[in-house]
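The data below hold one chain only, encoded as structure tokens and taken in the form predicted alone.
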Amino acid sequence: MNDTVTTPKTRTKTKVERPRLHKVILINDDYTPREFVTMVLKAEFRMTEDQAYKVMITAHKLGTCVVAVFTKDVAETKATRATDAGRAKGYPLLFTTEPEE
């Protein structure tokens, strides 16, 4: 007779939490030309002409508009690069980020 004892193997499965998302928000100002805002949205956020125009007009009418939602690092990088593009041309263009609820 065989007296070997076998124990079942146990596996621990770790749950990976999804990263929190952050919104990139366009803040309207009265000095940056609409065409420039549209160009920045197309270049930095890879929007079509129509999408960029709609985001720009929404920000113009309401004061702010959510441009896109990304992980924190990506959102902050894109907001900074878009804001810097405006500053390089002398415009007060401003993009900011905030956590998504």
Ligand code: TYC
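Because the structure is predicted, anything quoted here is derived from the model rather than measured. So that there is no doubt, residue numbering starts at 1 and follows the sequence shown.
Just so it is clear, the following notes concern the form predicted together with the named molecule, a form of the same protein that is not shown.
> Just one of Met39, Ala59, Val74, Met47 has a heavy atom within 4.5 Å of the named molecule in the predicted bound form. Which one?
Replying inline: Of Met39, Ala59, Val74, Met47, the residue with a heavy atom within 4.5 Å of the named molecule in the predicted bound form is Ala59.
> Would Ile27 show up as a contact with the named molecule in the predicted bound form if we use heavy atoms at 4.5 Å?
Replying inline: Ile27: yes, in contact with the named molecule in the predicted bound form.
>> So in the predicted bound form, is the named molecule close enough to Ala82 to count as touching (4.5 Å, heavy atoms)?
In response: No, Ala82 is distant from the partner.
> Does Gln51 make contact with the named molecule in the predicted bound form, using a 4.5 Å heavy atom cut-off?
Replying inline: No, Gln51 sits far enough from the named molecule in the predicted bound form that none of its heavy atoms falls within 4.5 Å.
> Even though the chain is shown alone, can you say which residues of 70-99 have a heavy atom within 4.5 Å of the named molecule in the predicted bound form?
Replying inline: The stretch touches the partner through Leu93 alone.
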